[in-house]
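Form predicted alone, single chain, as structure tokens, below.
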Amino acid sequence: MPTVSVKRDLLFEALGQKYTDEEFDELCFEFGLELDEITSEKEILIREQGGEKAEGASDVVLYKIDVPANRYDLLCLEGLVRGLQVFKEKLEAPRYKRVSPADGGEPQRLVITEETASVRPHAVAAVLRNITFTQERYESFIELQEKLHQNICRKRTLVAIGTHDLDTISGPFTYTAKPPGEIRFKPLSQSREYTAAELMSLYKTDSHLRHYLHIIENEPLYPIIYDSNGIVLSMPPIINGDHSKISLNTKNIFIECTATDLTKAKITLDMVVTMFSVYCDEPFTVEEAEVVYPDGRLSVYPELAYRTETLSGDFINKRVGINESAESIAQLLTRMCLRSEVSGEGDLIQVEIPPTRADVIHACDIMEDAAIAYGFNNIVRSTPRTYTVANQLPVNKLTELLRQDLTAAGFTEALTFALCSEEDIADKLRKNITETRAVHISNPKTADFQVARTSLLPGLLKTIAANRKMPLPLKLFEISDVVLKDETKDVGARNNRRLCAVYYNKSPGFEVIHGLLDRVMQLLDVKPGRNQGYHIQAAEDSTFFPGRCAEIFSCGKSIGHLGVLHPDVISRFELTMPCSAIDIDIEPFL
């Protein structure tokens, strides 16, 4: 959950009321928030960096408030105060309005060129006119952008926000992409101009910006925004230009959001303008801006879209466990910034979803807000109408029992990743990827996590490779699920619980692995035998050394293999000594 830090005195001044710490903690709980910590800048520095670093730091009391991750409208002081005042019925939820330029002139225009398609193809924009900043408002404005970047913008990978002093630049603006060597400008907080390539080198040591370089540094073209005079506004998602930086004296702000996800960009823009339009001469109004796409389409932003949902009072009463009239429920929802009224047809309630509540996507979200406004502590405790007896799944119970006994046998349990690379389950095991029945990840973020594992063996061998300096022998096991394609399942795949163990030493230790098999079968009460028991017979498997592999059968069905691993497999996992392994399916023993 995101944590919002606000100065206590500033918060109480905005709320128009003072609270004790206990009273404010209770208010937060009633509103669905949590007062996580009461501290100060000085206390934080003493705790994190020591007393010397804290000299001269502020003693102003800070409230650290945990906010639900999808409540983007509560990530700043302005949104928090607005939400609490509406909740306490001291204020009506404002209506946000998009307006045309006051002087009848043309709206600001942002033109997107086709070169951006390969890097960040989307952009939205808006203007805040005649805004008045104080030091606290300015700091809150910057803080909100950072909170949004870390939250809905996914560390700028999905959306990057740029804010500019409109009086220092002139439209129309052009959003394009160019080779790094052709981009040159003076970035924020720097004294000279740099090329884009130089900036990427400069920011590799920057504690803040270095985390965003990977987003575009390997791209042949970098996104860039110019005004009509060729002045650089920003190089998203890295840095803004120094020329258009905002300050306490800024009166008109041009806001642009470039993105790989248009929906997230619209939400982000709506959040910024709705939170800070309160400081405009005409509160809660936002001047529109036009965005022209490469195909000639023209869109006007911000959308500030309102929508209406209709649901019954009975729906909410049954799911929350209360018995309120439709009028009472409508009043509860209105306190949560969801203007509501009874439609006049039975107990149907029409709920208006404002642009600040992007978290409301389903009737259940509305029901949750009604429960919060009613008060969780006010819901009468009741006994469920249906009774169930919880019990452990048989496969998990068997797994736990086997884990205990394999540990008693001298093996150490490992827990490895459920995802791995194609190479791990195919080439390194001397198999063809098409034969593995592997489920592939459609958009893997890294080459290490391309497929769901079809075998536990690669994970154990990688664990041994990472612990080669440990005393020999290394005896590891894992009992976990693998994922296999299965056309008979509605999702096209199924989980399969398997047991895998490896023995790594100067000698292969086949007898150790064979003995482990016998112990497992003894625990499962399966006798040696060809029909109703278990047996092994010689087999060929490319993962194992020829002539040193056996297939395991139980009650006439194959359940796995054991043997000495092939030298090629050993070397491909960067190991130097022989290794024996067993890999069996334990589901037939349930």
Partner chain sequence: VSPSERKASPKVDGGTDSQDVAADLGVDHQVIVGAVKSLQALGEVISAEQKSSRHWELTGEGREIAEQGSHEARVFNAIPDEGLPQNQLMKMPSGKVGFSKAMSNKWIRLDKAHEGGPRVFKTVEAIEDTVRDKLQLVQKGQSAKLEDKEKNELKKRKLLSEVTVKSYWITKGSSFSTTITKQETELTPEMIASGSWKEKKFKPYNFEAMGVAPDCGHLHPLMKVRTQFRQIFLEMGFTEMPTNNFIESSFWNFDSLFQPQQHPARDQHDTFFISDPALAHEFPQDYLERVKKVHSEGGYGSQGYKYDWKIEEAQKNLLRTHTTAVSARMLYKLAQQEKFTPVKYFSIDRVFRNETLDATHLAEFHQIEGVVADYGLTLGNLMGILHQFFTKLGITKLRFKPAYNPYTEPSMEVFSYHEGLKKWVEVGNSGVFRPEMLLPMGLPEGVSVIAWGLSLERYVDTHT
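Take the two forms, find the largest set of C-alpha atoms that superpose within 1.5 Å, and that set is the rigid core. All values derive from a computational prediction rather than experimental measurement. Positions refer to the first chain, counted from 1.
Another form, the form predicted in complex with its partner chain, is not on view; read the next lines as being about it.
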Subject >> Among 377 to 385, 183 to 191, 94 to 102, 274 to 282, the region lying within 4.5 Å of its partner chain in the predicted complex by heavy atom distance >> reply: 377 to 385
Original post:
So which of H514, R319, R109, K90 gets a non-hydrogen atom within 4.5 Å of its partner chain in the predicted complex?
Top reply: R319
Original post:
A69, V526, A539, V61: which sits within 4.5 Å of its partner chain in the predicted complex by any heavy atom?
Top reply: A69
Original post:
Are any of the heavy atoms in A438 no more than 4.5 Å from a heavy atom of its partner chain in the predicted complex?
Top reply: yes
Original post:
Do I552 and its partner chain come within 4.5 Å of each other in the predicted complex, heavy atoms counted?
Top reply: no
**OP:** Look up in the predicted complex whether H164 has a non-hydrogen atom within 4.5 angstroms of its partner chain, and give yes or no.
**Re:** no
**OP:** Report whether the minimum heavy atom distance between M200 and its partner chain in the predicted complex is within 4.5 Å.
**Re:** no
Original post:
Within 4.5 Å of its partner chain in the predicted complex, do we find a heavy atom from each of T134, E136 and T250?
Top reply: no
**OP:** Within 4.5 Å of its partner chain in the predicted complex, which residues of 132 to 148 have a heavy atom? Give them in sequence order, or say none.
**Re:** none
Subject >> Exceeds or equals 2 Å, Cα of R453 between this form and the one not shown, core fit >> reply: yes
Subject >> Flag for F87, CA shift 2 Å or larger between this form and the one not shown after aligning core >> reply: no
